[in-house]
Every structure is written in C-alpha cells, then in structure tokens.
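Consider the single chain below, provided in structure tokens and representing the form predicted alone.
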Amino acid sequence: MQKERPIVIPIASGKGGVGKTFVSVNISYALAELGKKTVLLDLDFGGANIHTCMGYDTAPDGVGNFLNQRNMKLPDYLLTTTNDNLKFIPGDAEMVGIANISAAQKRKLINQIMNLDADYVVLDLGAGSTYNTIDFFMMSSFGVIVATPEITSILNAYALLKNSIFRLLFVGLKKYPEAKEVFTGLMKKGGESAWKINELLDMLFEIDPEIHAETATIIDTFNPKIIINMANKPQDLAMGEKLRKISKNYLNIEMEYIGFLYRDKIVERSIEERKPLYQIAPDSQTYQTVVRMAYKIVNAKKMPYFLLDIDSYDESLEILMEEATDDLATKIDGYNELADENLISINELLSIVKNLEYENISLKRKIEELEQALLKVKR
C-alpha cells in the first residue's frame, strides 16, 4: 500500500520583515503539539535563518548541501527539536550561492519533499515574488501569506498573489498556443488593468469556451490563506480585508483568514533567546492564537497536493516569469486605478509614494557610499 503524501503548507510574504519565519516556526510547533508528524523546511534561498530560531549559531548542513550532493537524500538532513513530532531541515550557508536553482534541482527537491515521512511539511519561503518563491508556494492550495497591517505590505502580498496566479495559468494552459498569445499580449500591455482575471477569461471565452472553462477551474483550485501579523488594534484587520477585496476584484481569488496576531513583547523575547513560544510561553495569547491557526489547518478540507505540473518546468519559462514580475512596491503604475475603485485611499497612495521616495533616497546614498569606497580602493 502506497503511503499517503504529506500535506504541504507553504508560508510566504510579499516583503521581508513581516515575521514570516516566526510564524513558520511556531505553526510547525503547534502542529506537532496537536500530534501531527511535522517537518519544517527552510527554503528561503539566500536568506535562510530557521536554524537561528532553533538555537544554532551556524547553519548545519541542509538544503544547499542536498542540492549539490548527488548521493544524498533530503531525509539525511533532518534534525530533531524539543518536540518529538517535529523535525526540521535547515537552509545552510551554501544556499547563498543557489538563489536561482535550476529546473532539475527544483524537480529533485519537490519530489523529495513530497516523499518525506510526515503528516505536514511546512515550507518557510523567501520574501517577494521571485519565481523560486512562487513555484514552491504553488506546491499546495494551502499557501499562507503573512502580511503586516501596512499598505506596502498588503500590496506586496497582492503582487505575490498576482504573479502566482499568472504562473499557475501560464503553466496550466501551456498546451494552448492561443492562450499563450493572450498572456504575452497582456504582459506587453502593462498596467494594473492588464491583470484583471475577468478580462482574461472574457478573451479566452472568445477564443474557445473550453479553454475558458479550464481556466476557471484552475483558478478555483487556488485558495490562499492570509495571516495579519504585528497588529496594534482590532481595526488593523481592515488591512487584511483590503487585500481580500483587491484579490477578489482583480484576480477572482477568494482568500481566507486563518490568523490575526498582535505585537507582543514575548515575541521579541522568543527571537532574542532563539527559542519558539512553545518553549518559553506556551500559555501566552500569541502562542494560543498560533495553536488556533494549526487547528484550522488540521480541520481544513484536503486540497490538491501540487498545483503545478513538475514536468512543466523549463528555463525559458522561468526567465519569462522573472521578466514578468513587476513587484507593486517598486512602481506607481496602477495605484491610481486602485484608488479610483476605492481599494486604496488617497492617503495610502501618498504613503506609498513617500515610502518609495525614501527607499530611492536610501539606495542613492548606498550607491554614493560604494562609489566613494571604490575610489579609495583605486587610490
């Protein structure tokens, strides 16, 4: 009898600094506490740090070594934790050099993840909308996005969703050349209106009603979840609602809340001591909220194991995907339309522009500092 594959819970974020790794670690512990055999896997390519949350000063061998060693299996890198039901696989120092893993490496890793001996596999993914993050995020319909109640975080989360649904449809409809032409046309068109799924569905219906129906079915399989982290007040939940409305309006995606976490000093203590809340404050409100999230995951209806066809990976598609990724936090195009539809306010729009200006000034200063350093070296 073939063993049942684990349920994969990919956890991602549109930008860094939102507490994604903290959520990944503590949800893994909560699942283990509920008696579920769980594996936590660090897939933050170039920025792996789960080992620090587990008390390690330096990263043990892990995913990077696995990808670069022919005869090793992923389970060879499993490490124990303070809960017998939870094991983890770190992302080691070698991951810095494999930020863009090859299609063959990706297939190898995905196949071995799906054969891990576990009830649940939690993936701590990198921040942003790179194709590596998206492909691992699409390993399961139960992808979780962590965001803070700030408009830039919400719009970056939307960018991740947008590029994920594009990736899913592009691969899912790859067998239809006419659908590919539609995607290419929308990419060249640019602007936020180019990403309205209803427009895409209308165009595909005119081409072939069967392609339209298949596209609608693919979209229905995508059911991402959202966690709002670092909230200060109950009203901050409105920011999560904003993401849900934007996603529904533009992408036809129905998002579901599974958690709402307040800022808590106990979290800072957990990070400083490099221990999960399960160890230092199991009765805290924050950890009990995380346990409720785990209950929701365990009691959710089973989803498809893998949304994308592994065999569809190829380098040209990855290059195209990278070119198509236009993170909303790095551009202003399309924000005006969101404001016109009351999906973001004028004040939020001004806040975005100010943040972008600040980031631009900061980058210019860094460039100037590097130029000065180079001049000193030349002298």
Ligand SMILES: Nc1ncnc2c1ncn2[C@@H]1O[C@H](COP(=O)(O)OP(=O)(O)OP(=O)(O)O)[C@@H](O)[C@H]1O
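Not measured: the values here are computed from a predicted model. Quick note: we count residues from 1 along the sequence shown, nothing fancier.
There is another form of the same protein, the form predicted together with the ligand; it is not shown, and what comes next is about it.
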query: The ligand: the contacting residue among D220, E268, E181, E206 in the model of the complex [heavy atom, 4.5 Å]; finding: E268
query: Among the candidates M230, M138, I258, A281, the residue which, in the model of the complex, approaches the ligand to within 4.5 Å (heavy atoms); finding: M230
query: I9 within 4.5 Å of the ligand in the model of the complex, heavy atoms; finding: no
query: Contact of L109 with the ligand in the model of the complex (heavy atom, 4.5 Å); finding: no
query: Non-hydrogen atom contact D264 with the ligand in the model of the complex at 4.5 angstroms; finding: yes
query: Close approach of V171 to the ligand in the model of the complex, 4.5 Å, heavy atom; finding: no
query: Partner contacts for 12-36, taking the ligand in the model of the complex and a 4.5 Å heavy atom cut-off; finding: G16, G17, V18, G19, K20, T21, F22
